[in-house]
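Next comes just one chain, in structure tokens: the form predicted on its own.
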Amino acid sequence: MIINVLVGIGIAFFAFVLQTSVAGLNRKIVGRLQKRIGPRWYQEFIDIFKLLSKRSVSHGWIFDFGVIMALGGIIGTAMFMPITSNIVAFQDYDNFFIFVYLLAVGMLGMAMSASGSGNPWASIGVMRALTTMLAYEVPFLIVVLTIINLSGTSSMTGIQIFQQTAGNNWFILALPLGGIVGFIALMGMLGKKPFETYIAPAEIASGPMVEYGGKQLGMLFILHEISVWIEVTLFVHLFLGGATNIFEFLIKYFAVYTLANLISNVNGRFKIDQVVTFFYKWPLLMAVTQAVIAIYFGWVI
């Protein structure tokens, strides 16, 4: 058990280092595409460590405890996530529904802390974030339940192995409509445009983040990087066959995050009502159609 915990902590640390590095590289790529030099690829590490060295203002124990709860919940979630089909800390506990539960702990901790700040922009941002979550989770869960039905398991390792078995395709190919819905939902999870409504810096001053600074903001940056790693890794495992080795994982991870980031940089931002209307219209219709086609008619590529 001690070894498992140590491996889990190592996975969480790997998640932070990998995503922070990839995010820095993406800032460089976007800068080049916009004919700028862009920041150094390791600038995000410098920003985080600089924030952790500074003092922060407190708005009460709920504000402070919520940050710790959120970061702890996200680190705990990352510890259960497999990197490849043979690198996993807790072999029998990499169940998709465990990730849904643990991610909620982190998100609710963040919501509790931001609301405790007393800033109306933070409360509006939290409200928008929870509304966006309800919007993208419905079609996404329908697609994931379809995958679980076809693979016969809700284990992330099991779903990877199912796709890696001879005669089976990656689910992004076997369930093309579901793959599109999964990627659109991933954009919502990452808070990428056009689903950046709950951050909206020019509108609500970054929403939930408005009152944070110093150590607390540094912790939230760490939380953000690990959260992004979890969400992108979920997509890789569910739709791209996971990975049999670390190099395959790194290539797939970088490709998925970079594609989402590039799409975000050429889009505007929806209003919150447009976000809900969009997800409950096309992605939901596509998810239900894919489920009916795959489960009731057995039409799988």
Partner chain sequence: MASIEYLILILVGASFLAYLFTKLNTYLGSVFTILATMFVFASLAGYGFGMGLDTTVNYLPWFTFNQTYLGFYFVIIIAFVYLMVSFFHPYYLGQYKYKDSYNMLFLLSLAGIIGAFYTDNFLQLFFFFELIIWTTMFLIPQGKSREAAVSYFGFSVAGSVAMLIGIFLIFSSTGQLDITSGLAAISGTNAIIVFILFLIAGFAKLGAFPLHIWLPIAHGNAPHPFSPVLSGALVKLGAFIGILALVRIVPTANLLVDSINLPLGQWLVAILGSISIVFGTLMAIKEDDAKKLLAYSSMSHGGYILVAFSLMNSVAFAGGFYHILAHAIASAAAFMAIAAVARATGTTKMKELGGMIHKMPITYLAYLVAIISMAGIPPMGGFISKWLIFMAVINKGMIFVAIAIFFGSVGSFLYVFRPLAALFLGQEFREYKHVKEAPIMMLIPTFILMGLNVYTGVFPSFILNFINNILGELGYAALNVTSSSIINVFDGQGILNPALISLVFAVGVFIAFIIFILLKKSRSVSLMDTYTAANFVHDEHLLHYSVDFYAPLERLYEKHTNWMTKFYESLAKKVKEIGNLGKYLFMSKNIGTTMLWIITIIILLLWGVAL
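Residue numbers count along the first chain shown, from 1. Predicted model, so just to flag it, every value in this text is computed and none were measured.
In what follows, reference is made to the form predicted in complex with its partner chain, a form of this protein that is not presented.
Just one of Leu220, Met189, Ile83, Met79 comes within 4.5 Å of its partner chain in the model of the complex, counting any heavy atom, and that one is Met79. Scanning Ile29, Leu259, Met69, Leu250 against its partner chain in the model of the complex with a 4.5 Å heavy atom cut-off leaves one residue, Met69. Remark: Trp282 does not count among the residues lining its partner chain in the model of the complex, judged by a heavy atom distance of 4.5 Å or less.
Shown alone here, Ser56 lies within 4.5 Å of its partner chain in the model of the complex, counting heavy atoms only.
Looking at Leu25, you'd find every heavy atom of it more than 4.5 angstroms from its partner chain in the model of the complex. The closest heavy atom approach of Val88 to its partner chain in the model of the complex falls outside 4.5 Å. With respect to its partner chain in the model of the complex, the three residues Val126, Leu134 and Ala291 uniformly fall within 4.5 angstroms at the level of their nearest heavy atom. Of the stretches 268-276, 250-258, 231-239, 37-45, only 268-276 has residues with a heavy atom within 4.5 Å of its partner chain in the model of the complex. The partner is not shown here, and in the model of the complex the stretch 233-264 never reaches within 4.5 angstroms of its partner chain through any heavy atom.
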